[in-house]
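What follows is a pair of forms of the same protein chain, given separately as structure tokens and numbered structure 1 and structure 2.
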Structure 1
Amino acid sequence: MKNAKITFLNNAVTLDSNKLFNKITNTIEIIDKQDLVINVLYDNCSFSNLSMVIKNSKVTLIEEYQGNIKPLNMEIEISNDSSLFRFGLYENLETELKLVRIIKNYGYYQNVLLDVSKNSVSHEEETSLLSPLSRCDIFSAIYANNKAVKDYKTKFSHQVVHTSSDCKIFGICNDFAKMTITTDAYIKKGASNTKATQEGRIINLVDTASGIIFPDLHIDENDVEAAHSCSVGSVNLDHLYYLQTRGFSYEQAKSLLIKSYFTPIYQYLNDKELIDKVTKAIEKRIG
């Protein structure tokens, strides 16, 4: 497995170990690369637009955002002979993050996200499935506390036959934070044998926290499988009581339950270094 590193600092590229970034077009170009792992750091990034093109490649993209990130628009194109596994970490942000990501997917796109940042986040992602058998899987774990406002919009556009999307977004809301999760799946006329599923969950830890979920399906074709589910609730008191009878304090039991809500993220990770990074980020923010 080959590794590459790219660092965006302010409005410049300070590290590009494999010369993947085209400075003229602001595009990361990945062509004929197999099992390539790219670590991208956005540190006080002030780019307004970035693009990525993936052709005949199998890529793992690990993105970390920190400092003051200006509003950022990203476009990703994945060819029908390519796959992209993206892991995003929002942790050490100093200001609100505003991110819009547009994906033209002819192949396979898997996006896993951990947001444990203290600041507000506005995150919008739209994936168009443009080739038969193209697929998109998303899992997001989001934690909001203090007075942070986290707004996540995820949209899928199934435009041809035999495409599939699976979206799972889990959130935990604490203090006076607000969280909104919106998921939309559009199945166009003619996109038969398509499968689209959505699952959203939010736990409000206190009465002053506010979480809401909007799941939507727009279906213009008959021969499809489509389903959505959502739940918004509080910590299960029976589970808390059970853990306390096993010797845990109330705060310890509550912390265990909160962290267990994020454990599904690990099933998508197979790199020990990345697993350790995720564990440390959760421990740091949730305890």
Structure 2
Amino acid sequence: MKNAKITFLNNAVTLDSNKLFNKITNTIEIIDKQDLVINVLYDNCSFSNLSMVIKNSKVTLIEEYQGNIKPLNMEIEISNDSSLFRFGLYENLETELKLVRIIKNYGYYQNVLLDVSKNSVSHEEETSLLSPLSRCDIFSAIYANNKAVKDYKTKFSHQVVHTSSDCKIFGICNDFAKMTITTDAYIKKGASNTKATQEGRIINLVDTASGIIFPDLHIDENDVEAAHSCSVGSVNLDHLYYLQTRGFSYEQAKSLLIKSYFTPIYQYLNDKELIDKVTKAIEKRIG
């Protein structure tokens, strides 16, 4: 595994360990790199547009944000047999992020994100699957509390045959937070043998929290496999009671349960350092 680091500070690149960033086109270029791990830090970033192209490469991209982040569009093109595993850690993020992904020629994109930010986040991710065998898997775990407003829109566009997308989103809403999760999968006419699945779940921990999900499939082709399921629920009172009978206070029991809702994320992580990072971020926010 080779490691690369890129830091965007204000309106400049202050660190680019492997010289991957093209300043003229504002593009991170990754060509013919196998097993490359890139840590990108957006620190008080004021870029509004950035992009990345990945060709003939297998890449892990870890994106973290700190300080004041201006609304940011980030476009990634994955082509020529490439695969990208992107992990997004939103610890203190407060901004609008727009992620555009274009997947061509056997490309594979997997996005795992953990949002434990106490601030409001507006997040839009649009993935276009443009060649046969382009694939995309998304897993998001989102926590909102206080008066945070979190708006997550995820869109998939299946343009050709034999493409697949899978989207799993889990939201936990506390206090007076508002969370809206929207997932849309479009399957174009002619995009047969396509697979699109969506699963969304929100738990409103208290009555004052309001989380809602809008899953939607827009299918213009007969020969496809598509399914969605979603649920909005509240905390399981029997679980709370059981934990309390063992000595946990109401608040302690609740945070144990909140943490338990995050555990599915670990099945997507196998790097020890990343696992620790996730655990720390969750501990720090939920206790």
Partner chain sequence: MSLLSIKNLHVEVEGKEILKGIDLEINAHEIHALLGPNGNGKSTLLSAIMGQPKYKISQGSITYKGKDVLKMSVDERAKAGLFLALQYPPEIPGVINSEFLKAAINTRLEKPVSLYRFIKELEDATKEVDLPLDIVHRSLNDGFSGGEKKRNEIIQMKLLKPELAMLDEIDSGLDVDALKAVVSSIQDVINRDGSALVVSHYARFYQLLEPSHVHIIIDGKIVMNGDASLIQRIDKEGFDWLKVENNIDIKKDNRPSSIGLCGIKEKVNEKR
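Residue positions are counted from 1 along structure 1's sequence. What you see is a predicted model, and the numbers here were worked out from it, not measured in a lab. Basically, rigid core = biggest C-alpha set you can superpose within 1.5 Å across the two forms.
A.B. asks: Which number, 1 or 2, marks the form predicted in complex with its partner chain?
C.D. replies: Answer is structure 2, the other one does not fit.
A.B. asks: Is the C-alpha displacement of Thr183 equal to or greater than 2 Å between the two structures once the rigid core has been superposed?
C.D. replies: No: Thr183 shifts by under 2 Å between the two structures.
A.B. asks: State yes or no: after fitting on the rigid core, is the Cα displacement of Leu243 between the two structures at least 2 Å?
C.D. replies: Superposed on the core, Leu243 moves its C-alpha 2 Å or more between the two structures.
A.B. asks: Aligning on the rigid core, do we see the C-alpha of Thr95 shift 2 angstroms or more between the two structures?
C.D. replies: Indeed, Thr95 is displaced by 2 Å or more.
A.B. asks: Quick one: how many Å does the C-alpha of Asn105 shift between the two structures once the rigid core is superposed?
C.D. replies: In the core superposition between the two structures, the C-alpha of Asn105 moves 7.7 Å.
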